[in-house]
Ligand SMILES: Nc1ncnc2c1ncn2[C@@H]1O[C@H](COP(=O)(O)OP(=O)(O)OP(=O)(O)O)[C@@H](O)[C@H]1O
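Just the one chain here, the form predicted alone, laid out as structure tokens.
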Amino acid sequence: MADLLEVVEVRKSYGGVQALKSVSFSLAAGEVVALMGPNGAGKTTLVNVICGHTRPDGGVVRLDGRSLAGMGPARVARLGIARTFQNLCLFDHLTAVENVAVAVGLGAYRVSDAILRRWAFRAGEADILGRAEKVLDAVGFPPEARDLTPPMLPYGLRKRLELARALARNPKVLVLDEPVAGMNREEWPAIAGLIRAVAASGVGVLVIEHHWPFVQQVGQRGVFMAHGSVIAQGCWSEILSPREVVGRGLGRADGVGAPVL
């Protein structure tokens, strides 16, 4: 498979602290890669670099062969990288369908048309809401909950709603930051199924997760980080258990003292 997302020798320091030390990995279209490691490993910094929130000190991130150097998050999103967040970032004053419609309609009409509610905007609004409904259908969001605001929804549905909003932009790459955080294990298979379906449509999916049993359900391979470096990557059959990998990255050959992932 050709690489869709390429991270090559990316470095980032804050003062004297090296948050990222020449990090490299790739992601192909239709592939699910799990990014794992203990707290402080550099995962969040890396994702922020990929999505344009943080500028690296060196190295390059490429999407479809195009360098993203110097691009902010809005432009990176327009080019095809969408993300969800560990802490849900939804519009609490909008309904579920309106939350997704915002993402569908970005750039679809002029601000002046929206303010004056001209015919072009009103006609477009109906189309946008219809497309938002289709995205919600795709993630299995129940119709009876679509007119509710996020604070009225159970946590699992809020997670689905954020996923729907990310997918509404038809991304090439989807970055999921701890998609099952705060969910019980009975809810994992449904989310895993959604992720596999997204990948099957040709989207490259990067999953940042701590739960080893979950990522084994969805990811073809893993990238393990510790202290800002990639310490192992490959298919599950090619690498050690996450406890052993992280333990060795922390200097313990037996894995003792490593966090249980």
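Residue positions are given as counts along the sequence shown, with the first one as 1. All values derive from a computational prediction rather than experimental measurement.
The form predicted in complex with the named molecule exists for this protein as well; it is not shown, and the discussion that follows is about that form.
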query: Within a 4.5 Å heavy atom cut-off, is G193 in contact with the named molecule in the predicted complex?
result: no
message: Since only the chain is shown here, I'm wondering whether P38 would be in contact with the named molecule in the predicted complex (any heavy atom pair within 4.5 Å).
response: yes
field: 4.5 angstroms heavy atom contact with the named molecule in the predicted complex for V10
entry: no
message: Taking any heavy atom pair closer than or equal to 4.5 Å as contact, tell me whether E125 reaches the named molecule in the predicted complex.
response: no
message: Would all three of E31, A74 and K172 be in contact with the named molecule in the predicted complex, where contact means some heavy atom lies within 4.5 Å?
response: no
message: Just to be sure I understand the contacts: of E178, E98, E133, E187, which is the one whose heavy atoms reach within 4.5 angstroms of the named molecule in the predicted complex?
response: E178
query: Between the options T44, Q233, S26, S229, which residue brings a heavy atom to within 4.5 Å of the named molecule in the predicted complex?
result: T44
message: Tell me which stretch of 196-204, 44-52, 214-222, 62-70 has a heavy atom within 4.5 angstroms of the named molecule in the predicted complex.
response: 44-52
- prompt: Hey, which residues along 4-18 are within 4.5 angstroms of the named molecule in the predicted complex, non-hydrogen atoms only?
  reply: Y14, V17
